[in-house]
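Encoded as C-alpha cells, the following chain is the form predicted on its own, with no partner shown.
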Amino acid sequence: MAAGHEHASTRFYVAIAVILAVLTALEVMVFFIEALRPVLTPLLLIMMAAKFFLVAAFFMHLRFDGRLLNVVFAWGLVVATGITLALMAVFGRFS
C-alpha cells in the first residue's frame, strides 16, 4: 500500500472523539435551556455542521483527498442544510 500521507496518531483520533462527545452533550444541553429558545435552531445547525466537518475531515479522511472531492462533499452539506431549513420553514418550526 503506497503511503501518500501520514496518518494521525490514535491519541489525535481519541481527542476528536472527545470533541464530538462534548458537542453532542452541548446539543442536548442547549435544548433544555429555555433562555436559548430564540436561537436554538442556529445553535443546533452550527454544532451539527461542526460535527459533520470533524467526522468527514478526520474519520473519513477527506482531509487527504483532492480539493475537488472536498468541494463535492461539502456541497452535500449545503444541500442537506438547505432542504432541512426549507422543510422547517414549510412546517413553521422557526416560530
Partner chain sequence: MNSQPAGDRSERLDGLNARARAMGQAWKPRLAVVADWMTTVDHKKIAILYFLSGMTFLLIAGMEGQLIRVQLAQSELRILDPNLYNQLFTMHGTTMVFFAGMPLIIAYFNFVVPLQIGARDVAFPRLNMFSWWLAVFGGLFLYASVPLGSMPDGGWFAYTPLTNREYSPGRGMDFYVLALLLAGVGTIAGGVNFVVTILNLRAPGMTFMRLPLFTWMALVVSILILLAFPPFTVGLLFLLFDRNFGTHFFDAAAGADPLLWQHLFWVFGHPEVYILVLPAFGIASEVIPTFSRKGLFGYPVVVFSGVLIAFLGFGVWAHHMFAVGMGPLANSVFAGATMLIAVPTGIKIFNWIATMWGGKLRFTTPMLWAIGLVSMFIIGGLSGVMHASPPTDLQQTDTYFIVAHFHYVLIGGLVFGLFAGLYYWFPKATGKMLSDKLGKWHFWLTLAAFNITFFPMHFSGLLGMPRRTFTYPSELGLDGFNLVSTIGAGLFTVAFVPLIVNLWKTLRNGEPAGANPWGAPTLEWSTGSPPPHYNFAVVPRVQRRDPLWHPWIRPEEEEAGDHEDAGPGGVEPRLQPEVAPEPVVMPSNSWWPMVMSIGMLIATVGGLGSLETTLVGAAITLVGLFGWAFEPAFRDGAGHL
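All values reported here derive from a predicted model rather than from experimental measurement. The term rigid core refers to the most C-alpha atoms you can superpose between the two forms while keeping them within 1.5 Å. Positions refer to the first chain, counted from 1.
A second form of this protein, the form predicted together with the partner chain, is not displayed here; the remarks below concern that form.
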So, Leu68 and the partner chain: in the predicted bound form, are they within 4.5 Å at any heavy atom pair? yes
Which residues, if any, of 72 to 93 lie within 4.5 Å of the partner chain in the predicted bound form when only heavy atoms count? Trp75, Gly76, Val78, Val79, Ile83, Ala86, Leu87, Val90, Phe91
Does Ile16 shift between this form and the one not shown by 2 angstroms or more at the C-alpha, the core having been superposed? no
